[in-house]
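There is one chain below, alone, in structure tokens, taken in the form predicted alone.
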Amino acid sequence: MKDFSFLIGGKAGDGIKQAGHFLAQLFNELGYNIFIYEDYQSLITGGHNFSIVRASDKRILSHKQKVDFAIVFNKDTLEKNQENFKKETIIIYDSDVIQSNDLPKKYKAVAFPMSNVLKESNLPLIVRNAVSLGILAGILKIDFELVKKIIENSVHKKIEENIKVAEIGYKEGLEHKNGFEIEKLKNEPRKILTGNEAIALGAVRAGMKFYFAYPMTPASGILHFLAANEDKFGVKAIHPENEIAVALMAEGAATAGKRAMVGTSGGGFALMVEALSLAGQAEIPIVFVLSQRPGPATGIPTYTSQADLLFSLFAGHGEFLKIVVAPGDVDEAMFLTAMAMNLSWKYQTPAIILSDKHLSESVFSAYYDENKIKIEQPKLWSGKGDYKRYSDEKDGISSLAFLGDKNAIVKATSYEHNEFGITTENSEEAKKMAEKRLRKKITLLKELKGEKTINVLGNKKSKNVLIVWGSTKGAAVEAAENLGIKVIQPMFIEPFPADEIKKELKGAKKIIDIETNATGQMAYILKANGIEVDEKILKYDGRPFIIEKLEEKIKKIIK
């Protein structure tokens, strides 16, 4: 297998993310599959940031701990990433910042005065990312024309100057004694995108016209991406004054017949919960993106967690149908978002897309065919007779008319109501409306019987089974493939596909739950549905699972 990993590290403001994307694009052009893990502190400048870029001839959904190359812009990167280096790691470093005696002798190194080259060219230090790209391309004997193409497609200022210093670095890399020629694969380049971008694209393909958000890491990328592409996508991206306004404006748009989505993290979602309940009572279709990060409160805002699972399920007062989905990669992010949007409108109920920092901000090679996504129309009012906004239907789904329809009096109320939407406290009417709303779940369960709600991966004959959800899929599936064991990944969390999971667990000897939270929240849901796990592997330090370390933990359990 052809599989290479690269670490790029420095402080905030050094262009670490851009350097990672340069590498990703370079290897994408060479036909490799890409994954980028971004690790950064909540700082504008300073601190320690790094990216791990992985390129492989097979599809990958996670990064590895040990890297083959490291691009080092400061001493911090050397000191804080020792566990990522191996004896064979080639370290490319700025010799104007780091001295040769700062590096342990066991590593192969390429020292180059990057800062001085940029000073002589009157360029800022951030352009070290172009210099280092050139050095690495030289070491790997990659045609410089490809490096030039990457810079031309990615840099918007002083393009020729960036190319010139990259070529200086390239010539240095060609002279490196440990260099070798990397193979160009026959695969065509794929789209590479973040989970946030995939969520945005899925919503657009499913007919979204408005996106409302107050910026909150790690969901902010959706707002930035949609705002930058408003004209292309035909979507309005709006930044209101707070998260309460975000949710209520989206519900207003939906009441007028326009599909809307909102995005936030745990703290912002907490502020939206009252509006979530309003959507349940008023039967307003709205899609929430809940991109998780460690809490409570501000927690660790730029790191990852899966600790809002139960919060998403039990958010809101009263009883009403919520749809909750949890994608594990960019393809699922696109399709499950589109599905959530369509189902939200079909069942006139809120839907929640559970992401997290690791999925939202990591970069993947995409395999999706977005043309498979269709806009599914809701049940629309015929225009005949008196319009009953909350007509008591057998399937629980009333027909929709929208504000502005001159033939219909359209109600949207937080109060209990009768079929016309007129407020009531009558016990019989209240019971009838509660039952009407809850019948939607019965109808939805029937529809989902024909849909794929879980993934079964790895060795499907194995008696050892991992249960994972969301972004933990990537590391867990690769570890499972290496160990020859089975993986079950529920993509729907509500309604929960318990029957499908039980069917796949028949004959299982050891069931292992894997999550990035401290309490095993998926194990709690499984138990509530009659499924007991034997072991849990939990991680709650804000970092995602890494393939090698997870594999070691699994081995100890199944030995």
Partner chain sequence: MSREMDTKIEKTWCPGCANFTIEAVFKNTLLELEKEGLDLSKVVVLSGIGCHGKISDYLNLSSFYSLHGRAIPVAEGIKLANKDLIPIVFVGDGDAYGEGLEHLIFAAKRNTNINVFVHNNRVYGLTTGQFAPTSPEKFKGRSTPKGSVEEPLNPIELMLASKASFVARGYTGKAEHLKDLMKQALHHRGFSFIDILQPCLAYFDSRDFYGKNVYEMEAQDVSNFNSAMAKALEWDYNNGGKIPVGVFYNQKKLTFEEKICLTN
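Residue numbers count along the first chain shown, from 1. It should be emphasised that the depicted structure is a prediction, and the values quoted were computed from it without experimental measurement.
Heads up, the form predicted in complex with the partner chain isn't pictured, but that's what we're talking about next.
Residue-level contacts in the model of the complex: of 336, 165, 275, 475, one residue has a heavy atom within 4.5 Å of the partner chain, and it is 275. The partner is absent here, but in the model of the complex a heavy atom of 248, alone among 98, 397, 155, 248, sits within 4.5 Å of the partner chain. For the partner chain in the model of the complex, the listed stretch (100-108, 480-488, 407-415, 84-92) containing residues with heavy atoms inside 4.5 Å is 407-415. Contact check for residue 212: a non-hydrogen atom falls within 4.5 Å of the partner chain in the model of the complex. Using a 4.5 angstroms limit between non-hydrogen atoms, residue 253 touches the partner chain in the model of the complex. Taking non-hydrogen atoms only, residue 284 approaches the partner chain to within 4.5 angstroms in the model of the complex. In the model of the complex, residue 188 stays away from the partner chain, with no heavy atom inside 4.5 Å. Contacts between stretch 210-246 and the partner chain, counted in the model of the complex as any heavy atom lying within 4.5 Å, involve 210, 212, 231, 236, 238, 240, 241, 242, 244, 245, listed in sequence order.
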